[in-house]
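First comes one chain, alone, set out as structure tokens in the form predicted alone.
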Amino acid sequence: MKMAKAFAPASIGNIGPGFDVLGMAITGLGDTVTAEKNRGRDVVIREIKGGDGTIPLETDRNTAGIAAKEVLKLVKAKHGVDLIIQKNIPGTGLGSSAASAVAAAVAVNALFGNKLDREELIPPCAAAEHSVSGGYFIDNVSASLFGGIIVSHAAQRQAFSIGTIPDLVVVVVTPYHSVLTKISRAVLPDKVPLSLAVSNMAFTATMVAAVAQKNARRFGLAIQDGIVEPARAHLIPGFPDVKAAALKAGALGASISGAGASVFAVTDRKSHAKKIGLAMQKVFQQHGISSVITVSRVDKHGARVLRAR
């Protein structure tokens, strides 16, 4: 095999109270990576299509390049690879770096005979994320890898999909305002009251139960984060008003997507999605920030090989 092309969907980390534990892959957005064997032993990023022009081509500074290198080590490859990255995830907060890492890992793994299973691809992707974010977490990469709604345990390098909710509609509004993951993690509190910890744990457990029950309403109403969201709210101009607008427009729940600046809301009625998105976008406009709306479902497939030859 000389070439493999893989796609990995965008994702929402945390999903509210499930900080560094819950993740959700979404449809309509994602990155594609094409990997071809080269005559050397190195990973070379030949081209990055799309994106905002700030993503580095240097292998050791690019999550796709880092993940590809780690996979080559694990499969004991005797060849290097050339990568072409196609970005299709706007702004920040939707697992863009994770999707690139996952798509690269899946493509390179396919190129060398799929020697690694999906669980074995978590560490290479997580190592790539760690290199650019400063933290070790696997909610985004796991959601992008496995699809669906996932539960992850970073310390144990384990994650699994708990399924999807067919009626769940996800509305994401991405402002043209960047929030770096390193900064968003730096503002988090070192200590929290026990009552808040218990509350977040209860809401997270409720969301897991809601997935098992395929109950979109219960899932949405449990998106209540008393710890991370309040600490990060000031990083996104107008966030409290954006969230309030989503709820007023009919959203069941809303919160910061991952580290931000994207904000997501969920509903069980597709007819409400456009209204919710426009209400959120209007508030961002009132704060002088333009944004883009994405209406999605839960991506149940996760990363997949599109072509191999």
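A residue's number is simply how far along the shown sequence it sits, counting from 1. These numbers come from a predicted model, not from an experiment.
The form predicted together with a further copy of the same chain is left out here; the points below concern that form.
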Q) Pick from S133, S199, T164, Q86: which residue has any heavy atom within 4.5 angstroms of a further copy of the same chain in the predicted complex? A) S199
Q. Just one of A77, V208, L180, A233 has a heavy atom within 4.5 Å of a further copy of the same chain in the predicted complex. Which one?
A. V208
Q | Options 105-113, 171-179, 123-131, 191-199; stretch whose heavy atom lies within 4.5 Å of a further copy of the same chain in the predicted complex | A | 191-199
Q | a further copy of the same chain contact in the predicted complex: H153, any heavy atom under 4.5 Å | A | yes
Q.
Is it the case that P17, even though its partner is missing from this view, gets within 4.5 Å of a further copy of the same chain in the predicted complex, heavy atoms only?
A. yes
Q: Although a further copy of the same chain is absent from this view, report whether A186 comes within 4.5 Å of it in the predicted complex, heavy atoms only.
A: no
Q: Give a yes/no on whether R118 approaches a further copy of the same chain to within 4.5 Å in the predicted complex, heavy atoms considered.
A: no
Q. Can all three of V21, T204 and Q224 be found with a heavy atom no more than 4.5 Å from a further copy of the same chain in the predicted complex?
A. yes
